Structures are given as structure tokens and as C-alpha cells.
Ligand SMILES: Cc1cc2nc3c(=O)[nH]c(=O)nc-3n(C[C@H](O)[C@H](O)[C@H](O)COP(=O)(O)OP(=O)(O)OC[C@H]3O[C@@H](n4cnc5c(N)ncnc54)[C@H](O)[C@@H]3O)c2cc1C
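Starting off, we have a lone chain in the form predicted alone, written out as C-alpha cells.
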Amino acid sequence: MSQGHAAVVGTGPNGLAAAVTLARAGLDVVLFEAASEIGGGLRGESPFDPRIVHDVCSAVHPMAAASPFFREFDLPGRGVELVRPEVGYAHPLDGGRAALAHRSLDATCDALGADGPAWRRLFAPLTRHSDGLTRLFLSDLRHPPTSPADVVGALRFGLGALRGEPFRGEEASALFTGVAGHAVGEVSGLVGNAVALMLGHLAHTSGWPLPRGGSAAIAQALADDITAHGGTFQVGHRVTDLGELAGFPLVFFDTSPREFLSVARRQLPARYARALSRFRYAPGAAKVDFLVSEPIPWANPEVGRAGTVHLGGTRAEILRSERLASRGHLSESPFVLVVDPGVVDPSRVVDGKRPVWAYAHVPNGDDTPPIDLVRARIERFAPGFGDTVLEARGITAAQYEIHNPNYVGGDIGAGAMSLRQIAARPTLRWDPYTTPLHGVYLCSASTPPGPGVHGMAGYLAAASALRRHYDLRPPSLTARP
């Protein structure tokens, strides 16, 4: 086996970000990936037509555009075009009604009518302090903002999260709650409000972009930088015991706590192992890939301009379905996210055929086939959608874990987003990336700042290791000619 200064287990966005940081600092890095190709949730597949790529996990990446790591890494400068739709996300309702989050805050507020002023009061201050909020939200959550502007932004954010959803009309209320739905289960409380404010305001700043050609372009850019700095990959190699990596002074796990426990339980102190075993996972995602013959025929054509569409109905309907999923019950009308990449990226459309990506929030580990369930949810707001479907593939929440062991029970966020698990993710430690084992680090979405394609968990874990073991500051991530 190849040896080096550092081993990285798992090549999702955080594992790749950790490897980029370590390799640029001069360390010899070896990455181990159980699958036959790198990328984790950034991978792409062609289940129907070899010319048409379907994203394995998320197709839209608001955090990739906002992340300090990716901003310095400069994805556009490395050939990754982040295509930003003018309408970041939309929320259709019955009767052909819909609410849209435009890139322009003014346009959004104008379209929301009587609730426009409330939307502006909530989001305008956040857009002014977006950079500071992003640095805070995508930090290790142990270090407060350092500038007065950051403090003001954080206070505005906190007050907004405490205040919650202030709208009177169904459209604005559903639009806000649909974004809170990304918290998966924790929708109506402080955590859901915080997620809605963070993701919601990004629609009016850096946007909700899709990588042109598919998410795999991000993984490839990271991998190219790793190999350019001497890093190597071992794909199709699942690490099953920590002893396999005994020759590496540093080891990083871009895995769920459950997977880390299965690999390192023999070496871990019993108390820490018990703490990891108590880590809670969120409801699962049941995914459907559709190959369709035309754009989705939304009852309200304006919805077809959005990069992301939230299908949940009214706020009350969303709260009910998310509550059921959290309690282990499948709703007959689950919250569904839909993305038609061809709306903003024509390269994804070949001979009129286009991919449509969708997933439903279901109970963790649920094994209900999702195709008919998701198709019915889309048809409620897009009558005739079923007539455009050429082929479909469903992946249950239970199967999602087989597809990727990090998605425990189909939890694509790698852990429930609760107040406790934000403060102690995955356990309560001042440096959340360290473990009781010398030189062994966790760097997955189960550590701060949590889920999303931002690379910050990997970057921060690598920065911690460089400081502790080599007294080094993180290296520059900027591409050089």
C-alpha cells in the first residue's frame, strides 16, 4: 500500500477539500474511495441515455457559490461555471398560484404583494451582511465574528431566526417554509428559521447555482488540484479497519460517525464510542431520476424559470409532512424538491431529452418505492407531467445508504440538524474535528458547519491538523498560472 503523510477516507466534497489543503501544504496525501469513482454526492451517472448525466445527490449548490473555501479555490477560474438562474427557487401552490425567489430582492418583494415589505425587512439586512454571515455560518461555530459589521450581521440573523416566519399570505409563508424544509424535519423551530434565512438570503446575493454539465465538475476540479500537488487516489478500496492506515501519521475520515465507528471501534475509548453511537440521523431522502421529453409543464409557467422547485403545498402541509417523517411515518404528500437542470444549462438537454432530479423527505430507512409518490406530487402542480416521462428510476431511503454508506437510512445531510447537534456535532469537543486518537480526524458533514457542498468541514479539519502537528497556517488555495 502506498504510504504518505496523510490518508483521507472518502472523496466527497469535504474529503477532497481536506486533501487539497493538505497537499498544498506540502504533505503527501493518499485518498481512499470505496466506490469505483470519486466525488461522493458530487458524482454523476447516466442510467438511461449515456449522453445525459443525472446528478447522484444534489444538483444545486448555494453553498458552493458562497463558501470561503470555494471562493478562494476559484471554481470559475478552474473551468467550473456556476450557472445562476434568475429565479433561485420557486414554490407552487394549488390553483396555479406560485411564489418565486428572484435574484433581485426588489422583484421578489414586488411579486409578494402585501407580504413584500415583511420579506424585505427580514432579508435586506442579511444581504448587506452576507459575507460576514457566510463566514459565521460556515465556520467551526466556536469562533465568533471578528469585525463590527460581522457582529451586526450575526445579531440581525439571530433576531430573524428567533422571530421566525412573519408572513400573512400563503405564498410568502410557503416560500419561506419551503427553504426551511432543507433542515429536514427541523422546520418550524429556531434551526429551521436559521436555515431558511441563510439559504433564503443567498438567493438574493450569490445565488443558487448549478455547475454547468453537472456536479461532477466540482469534484474533478478538486481532484485535478490534488494530483497536481502530488496526491494520489485509490478507488474501489473500502477501508474496513483503522489498522490498514497505521503507516499514516494523519488520517481524515469524510464519513458518517457510524461508518467511522465500524472502522475504528477497536481503537476508540469506550466513552467516545458511546457518544458517537448516540449521534442522531435525520429523515431520509427517496430519490427519483426522470428522463423526460420536454420541460415540466407547470400550471404556473413562471415556476419553470426556477433552478429549484419546492413541492410542499402550504406551510401547514409542510409542517405536517415533515413532522410525520421525523416520527417515522410516511406522509401521503411528502415534501419534494425538484430540479430540471436544463432550465439554466441547455447542455444537459440532448435531442429534446432532459434529466429531472427529485427527492422526497421520508422516514429514515424507509423502503417505499418512490417513483409513483414523487410523480404524483409533481403532477399536482404540473398536470400532464407523467405524459412527458420517458424513463424513471427510484432509489428508496434504505437503498440510498447502500449506494453511499454516509447516507445513514437515506439521511443525505449526515446527521439531524437540531440545536444540540449543531453545538455538539458529532460530539461535544472544543475542536470538533479531533478524536481521542492521535492524528485521527473527522471531516464530514457530520462535523461543523454541517451539510452542503461547501468544503469547509474538510478545510477546517485540515487546518486544525496542520496547526497541531506542523505549526503551519493553511496554505493559499488560489490557482497559479
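Throughout, we count residues from 1 along the sequence that is shown. Keep in mind it's a predicted model, so treat the numbers as computed, not measured.
Omitted from view is the form predicted together with the ligand, to which the following refers.
Residues with any non-hydrogen atom within 4.5 angstroms of the ligand in the predicted complex fall in just one of 295-303, 133-141, 363-371, 254-262: 254-262. For the chain shown alone, R97 is not a contact residue for the ligand in the predicted complex, no non-hydrogen atom being within 4.5 angstroms.
The ligand in the predicted complex comes within 4.5 Å of a heavy atom belonging to F32.
Using a 4.5 Å cutoff between non-hydrogen atoms, R238 counts as a contact of the ligand in the predicted complex.
The ligand is not shown here, and in the predicted complex it never comes within 4.5 Å of any heavy atom of P449. Contact with the ligand in the predicted complex, judged by any heavy atom within 4.5 Å, is made by just one of F73, W119, Y407, F290: Y407.
With the partner omitted from this view, the residue of Y89, F381, Y400, F176 that lies near the ligand in the predicted complex is Y400 [heavy atom within 4.5 Å].
For the candidate spot formed by G44, V80 and G214, no residue has a non-hydrogen atom within 4.5 angstroms of the ligand in the predicted complex. Residues S444, A445, P451, G452, V453 are the members of 443-458 with a non-hydrogen atom no more than 4.5 angstroms from the ligand in the predicted complex.
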